[in-house]
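Quick heads-up: it's one chain on its own, the form predicted alone, in structure tokens.
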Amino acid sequence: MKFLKSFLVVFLIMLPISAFGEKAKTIEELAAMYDSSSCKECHAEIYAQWEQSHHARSLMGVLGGLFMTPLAMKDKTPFSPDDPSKATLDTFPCFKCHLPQAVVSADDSFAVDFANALIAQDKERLGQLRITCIVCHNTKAIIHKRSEGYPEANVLYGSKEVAAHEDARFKKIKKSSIMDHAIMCGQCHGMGPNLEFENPVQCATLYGSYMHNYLSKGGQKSCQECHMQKVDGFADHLIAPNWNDLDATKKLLQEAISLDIDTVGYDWLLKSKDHKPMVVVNTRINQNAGHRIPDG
């Protein structure tokens, strides 16, 4: 009996945010639940970097497109409901990576609200939903839950322990065993087909490419070492590239990809006095990134 009580106490402590609380039913409720604006008070520079990142607009796609819209439209995808009012969390497999907090902290009423907002193209409301500090530093901070337990509701996770954290909600910071490892990013920047869905979704294979085409050839850097290089001693939370910044993207690709072209021109004598100008073009593209380009 004593063992059972101890087990229940540990189990309750380790459950993720909102496991026993009310599930979010609207966009505003879920946005408030994962609001990280208080982080700006002490981490202004990091917060500013994050605000310019794609994590801060994970539902918008490049240049502001609402790419999930077909999922809310009848017959557009295998997941689409007959009507937005019949949407469920299963309607949106993209939540797995683009809004993982919805999977653990929202219910089907939220999915209906989300579907209606997509149909209305309500970017102002949908823009409230982001991959915030809480998503990475709590919800996704532990992978090996069977051995390490679930993220604690009042704890953030980072690359080191901080006993006292001055925040009204998150009182301490614990060390995450994966925060500075590539597998942290691999949870969303994935392996390829998501076979767990009733209709498998072929999506990002960046982490798979990193493991099979980079590490296998002797590569040693983690995702963080390339995409979160330190600025003044702190990891850059822009997590480049910012595809909306065309100049910076161009510079990054120029540094990562080289193109060599060799040409040979000649005249082909088809018949007497009939010269046909011809050219042979040999191209070679090399890239030094830790994964295939493009990918996501």
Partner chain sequence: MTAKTADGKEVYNKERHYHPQATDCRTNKMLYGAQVKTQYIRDTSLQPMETKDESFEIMLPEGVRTVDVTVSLRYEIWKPDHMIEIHKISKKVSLDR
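Note that the rigid core is defined as the largest set of C-alphas that superpose within 1.5 Å between two forms. Positions refer to the first chain, counted from 1. Keep in mind that this is a model prediction, so the values were computed, not measured.
Not pictured, yet referred to below: the form predicted in complex with the partner chain.
Candidate site formed by 246, 254 and 260: every one of these residues places a non-hydrogen atom within 4.5 angstroms of the partner chain in the model of the complex.
In the model of the complex, the partner chain sits within 4.5 Å of a heavy atom of residue 219.
In the model of the complex, the partner chain sits within 4.5 Å of a heavy atom belonging to residue 276. When contacts are judged by a 4.5 Å heavy atom cut-off, residue 119 does not count as touching the partner chain in the model of the complex. Among heavy atoms of residue 266, some come within 4.5 Å of the partner chain in the model of the complex. Residue 62 is the only one of 48, 231, 42, 62 with a heavy atom lying within 4.5 Å of the partner chain in the model of the complex. In summary, among the residues 77, 109, 187, 154, the only one with a non-hydrogen atom within 4.5 Å of the partner chain in the model of the complex is 77. Heavy atoms within 4.5 Å of the partner chain in the model of the complex are found in one stretch of 128-136, 109-117, 170-178, 192-200, which is 192-200. Within 4.5 angstroms of the partner chain in the model of the complex, the stretch 266-296 places a non-hydrogen atom from each of 266, 267, 268, 276, 277, 278, 279, 280, 281, 282, 283, 284, 285, 286, 287, 288, 289, 290, 291, 292, 293, 294, 295, 296, taken in sequence order.
Core-superposed comparison between this form and the one not shown: the C-alpha position of residue 288 differs by less than 2 Å.
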